[in-house]
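One chain follows as structure tokens, the form predicted alone.
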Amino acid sequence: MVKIIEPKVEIITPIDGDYILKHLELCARNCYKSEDKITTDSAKNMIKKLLELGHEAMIEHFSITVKLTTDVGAYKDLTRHRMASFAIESTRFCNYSKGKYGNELTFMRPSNMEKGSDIYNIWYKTMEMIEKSYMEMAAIGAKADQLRMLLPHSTKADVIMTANIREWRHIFKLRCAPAAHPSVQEIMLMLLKEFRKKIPVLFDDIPYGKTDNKAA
């Protein structure tokens, strides 16, 4: 039986919001040689001002790595962002017929289908047929790079992704927008929520799923 799971996000980089703001403030003040104006609480106002002025080159000086459990379709959308780095679970080398993977295929719960609906039920039956064919091919000696040809966009993918803060802002503005595909929008909204919770100022101005920006 196929395994259906929910999307998940994890921030891998140790996050100290105050440290990040102070680090970025130090980088920015080098431009103006105003390091003498640094105080224990000056960073927040400095970063707010940078964002208001659109001087976002300074926030490129800190990068964050995350792990996303999502579907292959969402991963394909995210790789369109050229200023980020990716490491993805490889369907070319991972043979899911092996015990290491539970001898099963894992698919993401489709975010744009209501569970129990006719559409969802047809999707689920299709995933079952794909798993059956995958295991049959594996049993007669098909290799992972052959088996991968059966796998659909719904296939679960663990993605490690690194980007600087300026690029994360750009990604969120596009991928949390209503125009984004539901699966990538869902995972990015989850991640934006975590970023907002852990890092002051830097993501507060990004609309939480309510923007007219178009997905690239």
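Just so it is clear, the model here is predicted, and its values are computed rather than measured. In this text, residue numbers run from 1 along the sequence as written.
Not on display, but discussed next: the form predicted in complex with a small molecule.
- Query: So which of Ala87, Met83, Met129, Cys94 reaches within 4.5 angstroms of the small molecule in the model of the complex, heavy atom to heavy atom?
  - Reply: Looking at Ala87, Met83, Met129, Cys94 one by one, just Met83 meets the 4.5 Å heavy-atom criterion.
- Task: Report the residue, out of Leu191, Ile59, Ala43, Ala180, that has at least one non-hydrogen atom within 4.5 angstroms of the small molecule in the model of the complex.
- Result: Checking each option against the small molecule in the model of the complex, the one that comes within 4.5 Å is Ala180.
- Verify the contact flag for Leu174: yes if a non-hydrogen atom of it lies within 4.5 Å of a non-hydrogen atom of the small molecule in the model of the complex, no if not. It does: once the small molecule is placed as it appears in the model of the complex, Leu174 has a heavy atom within 4.5 Å of it.
- Message: Within 4.5 Å, heavy atoms only: does His170 come near the small molecule in the model of the complex?
- Response: Yes - in the model of the complex, heavy atoms of His170 and the small molecule come within 4.5 Å of each other.
- Message: Just to confirm the contact call: exactly one of 97-105, 117-125, 133-141, 75-83 touches the small molecule in the model of the complex at a 4.5 Å heavy atom cutoff, so which is it?
- Response: The contacting stretch is 75-83.
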